[in-house]
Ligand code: DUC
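Starting off, we have a lone chain in the form predicted on its own, written out as C-alpha cells.
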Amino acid sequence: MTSVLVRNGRIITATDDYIADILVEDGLIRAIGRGLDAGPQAEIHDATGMLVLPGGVDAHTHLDWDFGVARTVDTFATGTRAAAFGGTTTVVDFCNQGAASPLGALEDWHARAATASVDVGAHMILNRVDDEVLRDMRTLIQREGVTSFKLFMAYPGTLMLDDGGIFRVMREAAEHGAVVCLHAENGPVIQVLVDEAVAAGRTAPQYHEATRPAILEGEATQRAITLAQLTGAITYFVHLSASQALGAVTDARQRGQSIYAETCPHYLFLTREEYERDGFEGAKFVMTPPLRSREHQDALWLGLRTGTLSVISTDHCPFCMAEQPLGMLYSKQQGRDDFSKIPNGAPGIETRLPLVFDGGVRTGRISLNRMVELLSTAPAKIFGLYPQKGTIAPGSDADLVLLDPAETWTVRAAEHHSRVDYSLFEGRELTGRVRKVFLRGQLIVDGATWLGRDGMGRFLRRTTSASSDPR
C-alpha cells in the first residue's frame, strides 16, 4: 500500500476553506485532519503557505482532432502533459463522428487517447443523425460511459446539424439522461456574411469577428433552448461569449430548465481589439465564437458571479502560427490570404487555473470557492464524474494541486508543454503558480519537472448524473 501525506496546506473546495493534512492511500483520499500520521514509509509533502485545490476538470478540449482540412497540433501525450502543468488532472475531450459510426469513431479516439497522462473522458460529436446513430447513442450511454453529445449549429456542409436533427438527438438524450452540448451560432446566416466579405476582398483576420456577430450567437442559443424545452433535454452551451446568449440562458434557468453554459479564459481576459494587430497576427485569435467587445466581457463576469455561467473550460483547439516544422495541415497559415480558411481554434489548456486565479480571485471578481466550483466541481457534476473527481473528500481520487498564491511569473509559450508555438497571453504577468500536481496520489508535476508518463491516464466511464445540479 502506497501512502502519501500532504501536510499543512490551505484546502479549498467549492464550499470549504481550512488548513489540514490529507492522507492518500492507493490513489484515494483516506483521511483529512490535523496532525495525521501516515507511518514511516509515507511520502510526505509540506504544503505550508500553499493552496491545495482539487485537480482541474477541463470539459472542453480538442486533442489530435482531425476535421479534414486541418488537425490540432497536440497529441494526447503533449496536450495532457500541458494540462497537468496547468493544474488540470481530468480532461473530457471531443471525439468527432466524422464519416464513421459513433461507435467506430470512439474506437479510433481510444487508440489516440491511449497516450494520455491525465485521466480522460469523451464527448461524442454527432454530425449526422439517422436511426443507426440514435441506436449508437444508447450504446454509448449504457455501455461505453460516453454520456454527452456535441452538436454544431454552425459550419454548414461539414459539422452543422439542422434543427430537426438537433431535435431528434435531444429527444433521445432526454430519454436516457444524457447531456447535449451545443455550439450555438446561426451557421447559414454567418456563411452568407463570410461569402460576401471574401467576395468583396475583405480577407484579413479581423473579418472573422465582423462576420460572426454576437446577435447570431444569441439567436441560436434561444432557438436551442426552445428545442430543449420541448424535449426536456439537459443542455450545455459550450464557449458562450455573447451577452445575448447569456440572457437567453439566464431566462431559461429562471424558468427551471436544466440549462448550463461555460465560458473560456480568452473571452474573460481578451477583447476584439486583438484582431486589429498588424499583418497576420490577428490569426492567433481566430476562434469560434470570436472575441467580443468589453461590454460582453463584463456580462460574462457577472454571469460567473451570479451562477448563470456554470463552468470555465478552455476549448483548447491548438494550431501553430508557423507552417514548419509540423506542416500546413497544422497551421493557421492556410488562411493567410483568406480569413475563412484560417483553422478556427486557439490554445489554453496550460494557463486556465493561473489566469482565473490572478484575474478573477486576486481582483475580487470571484472567490476561491467559486473558482474551484467553476474549474473542478461543477464540470465534474454536470458530466457525471463527481465525487470521484472535482473535490477533496475521503473516497475521492487524490487529484491534488498545490498552488503558490504569491509567486509571480510571466507567460511564455516557449516554456509551455504543448506543441503549439504561441500563447494568447504571451508576456502577461500573473501571480499564482502551480507548484505540484498529484494524479490519483502520484506526484506528476514538481515545479518545472515532469514526473508523469505517457499512457498513465485512465479512461473515465461517466454516469448520467447531470441531475446533480451544481447551482
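Residue numbers run from 1 along the displayed sequence. In this text, all values refer to a predicted model and were calculated from it rather than measured experimentally.
What comes next is about the form predicted in complex with this ligand, which is not displayed.
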Of 284, 123, 239, 292, which residue is found within 4.5 angstroms of this ligand in the predicted complex when only non-hydrogen atoms are counted? 239
As a check of understanding, the residue in 248, 317, 311, 400 with any heavy atom within 4.5 Å of this ligand in the predicted complex should be identified as 317
Considering this ligand in the predicted complex, find the one stretch among 250-258, 198-206, 275-283, 152-160 with heavy atoms no farther than 4.5 Å from it. 152-160
Is there any non-hydrogen atom of residue 288 lying within 4.5 Å of this ligand in the predicted complex? yes
Taking any heavy atom pair closer than or equal to 4.5 Å as contact, tell me whether residue 62 reaches this ligand in the predicted complex. yes
Check whether residue 183 has any heavy atom within 4.5 Å of a heavy atom of this ligand in the predicted complex, and answer yes or no. yes
Can you tell me whether residue 344 touches this ligand? I mean in the predicted complex, with a 4.5 angstroms heavy atom cut-off. yes
